[in-house]
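Below, in structure tokens: the form predicted on its own, a single chain.
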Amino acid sequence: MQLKVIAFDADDTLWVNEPYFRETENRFFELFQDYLPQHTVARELLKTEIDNLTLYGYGIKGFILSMIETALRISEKTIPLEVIERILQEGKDLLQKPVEIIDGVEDVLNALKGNYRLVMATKGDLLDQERKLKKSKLEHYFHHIEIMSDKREDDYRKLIKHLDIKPEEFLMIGNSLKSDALPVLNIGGHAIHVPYHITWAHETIETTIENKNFRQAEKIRDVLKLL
């Protein structure tokens, strides 16, 4: 690989994210145990989130609005105001969670920094991702920070053009095959998938990737063996 730039996803690649959402979801489900079974509430919430992606994008703020919308729908607008207030507070608490760096991340960044231009390429809410990056104290490792509204092929083409490199000189490392691997491979770049033990349902896909530019790592430290 003739790489010039290595990009890292942020949530659940550099730091812990999805477990906090799951904890919040579970408390949300408990609020509606007298209305519907948990699996039904979970299905309704996921449907609302996906339907709202084109309006709100990815991130906590859209998640909060989707929880409120779901609460109103499944309760047929009978939910007490106190429950809406509880949902809003859950969202605010989520926006103030500590930033927990995943084990091995700094070792990898230290090892790569002098040999490649490093980029953080993530999607989500701008203010929240900036907050997490600042609290992580990882910003100094990165040549460029890209907070994207989505991670489609055109989004990666735009990033690669901005970095003034060719697709084959770009490597993306992340926990999502759907967002971090397939779009990059489809435009001629390289990808390393580092799975995380919890993944949002919308980011999961069932596919086998057969591409010479694709690598699979069990943990973030394994990335160094693949370069």
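These numbers were taken from a predicted model, which means no experiment stands behind them. All residue numbers are counted from 1 along the displayed sequence.
Another form, the form predicted together with another copy of the chain, is not on view; read the next lines as being about it.
### Query
Considering another copy of the chain in the model of the complex, which of L112, V99, I84, I74 comes within 4.5 Å of it through any heavy atom?
It is I84.
- Message: I need to confirm a contact call. Of L65, L36, L46, L31, which residue comes within 4.5 Å of another copy of the chain in the model of the complex, counting heavy atoms only?
- Response: Result of the distance check: L65.
Notebook entry, point to check: Is V105 close to another copy of the chain in the model of the complex, meaning a heavy atom pair under 4.5 Å apart or at it?
Noted result: It does not: once another copy of the chain is placed as it appears in the model of the complex, V105 has no heavy atom within 4.5 Å of it.
- Message: How about Y56 - does it come within 4.5 Å of another copy of the chain in the model of the complex, if we only consider non-hydrogen atoms?
- Response: Yes.
- Query: Is the gap between K178 and another copy of the chain in the model of the complex 4.5 Å or less for some heavy atom pair?
  - Reply: Taking the distances in the model of the complex, the answer for K178 is no, it never comes within 4.5 Å of another copy of the chain.
With the partner left out here, check for me: in the model of the complex, does some heavy atom of K137 sit within 4.5 Å of another copy of the chain? No.
Using a 4.5 Å heavy atom cutoff, which residues in 129-150 contact another copy of the chain in the model of the complex? It's fine if the answer is none. Residues within 4.5 Å: E130, R131, E139, H144, I147, M148, S149.
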